[in-house]
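Before any questions on binding or motion, here is one chain by itself as structure tokens, the form predicted on its own.
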């Protein structure tokens, strides 16, 4: 068995779903379990509907609901056989009637709770997985739909629920494995439920996580993440065109890249896969013949020091300077206690004799954080910064990497420097305005020559 996950852009329209059906049908002998995201930007549209409701904009949210239903009906009817149209219409009517009642309830309350966010945002995957199931049947595959909420069991932490792995794995074995013997199983990503059946979500981007959980639970031979890019590249294509495809990369390297901004993979995805030693493939649904990137548990031998350059933009640097305490015992504890209290994650930390600089990407509570920090230290912020991160297993074994990095960045001001405890990365902070120039210089320095066993040069990929 294999797990195949298709993101929102891969199922955004009837044409996209037909393309996905062709990809799955070509692999039906491998008994695929298919996990799909919501169609296109449906989750964003659902949250916009909820926002309009709590603001009392009845005309607006009613219109948005009609538009969303029309979109799903229009695209579905192009890939659903005539014999299934009545069932399709009934299912759409049921889902949108439920959704409308839920939205009207929000309008009355005028409040959007985490539990309500989960309930509303779940409709995207519930609809897309049902439509994809009918489409697969239309294209000649024996297909069964499975509501992910019946098998993905989580805690009650709405909007970012954590799976109960033992119970989830038990349910997946009991329900998915028998179904997959004769059918292509289709499930919605991102969604689950508590033990009491209350709908939860795994957080934005959680469909990758769903695929990994399912793969681990059923003992899949591999987990395929189908996106709209050719795999992991040597640089973020939204920052620098011309990056080279990475053929194979280790789980550890992939996790570092995902955490530091490589958006082709949700950071949590690799955790269940690592535990079960299941390879993860990143593939392009628009170019299914491209072999993509294979992520494996073992270290991947490579002549290049660096595997890829990741970037995390919209970063804020918080500078904290000791005054009378002069880095006294407990100073760092007191600092991080403040960030913990406001549930604000810290990415990078750099310390000196009398100061601490750190980065955050969630600035929702930054004013309150600064107020508390200023009770015992001087504190200031710098907005519009970015983390640039070089990742590679060889960084830990190769002397002189930092010298090459900083020599290539002549004229670019570097705010903070850090090397991860894993020694797999070198990270530093630059102004957002300098990101393109920084990545371009680093790419020229570290990828002028490529190990052909690990990389495929851009010209070959896009010839």
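Source: prediction; values computed, not measured. Numbering follows the first chain given and starts at 1.
Although not depicted, the form predicted together with a small molecule is the subject of the following passage.
Only one of 230 to 238, 213 to 221, 294 to 302, 166 to 174 lies within 4.5 Å of the small molecule in the predicted complex by heavy atoms, and it is 230 to 238. By the criterion of a heavy atom within 4.5 Å, residue 9 is counted among the residues contacting the small molecule in the predicted complex. Proximity of residue 308 to the small molecule in the predicted complex falls within the 4.5 Å heavy atom cutoff. The closest heavy atom approach of residue 264 to the small molecule in the predicted complex falls within 4.5 Å.
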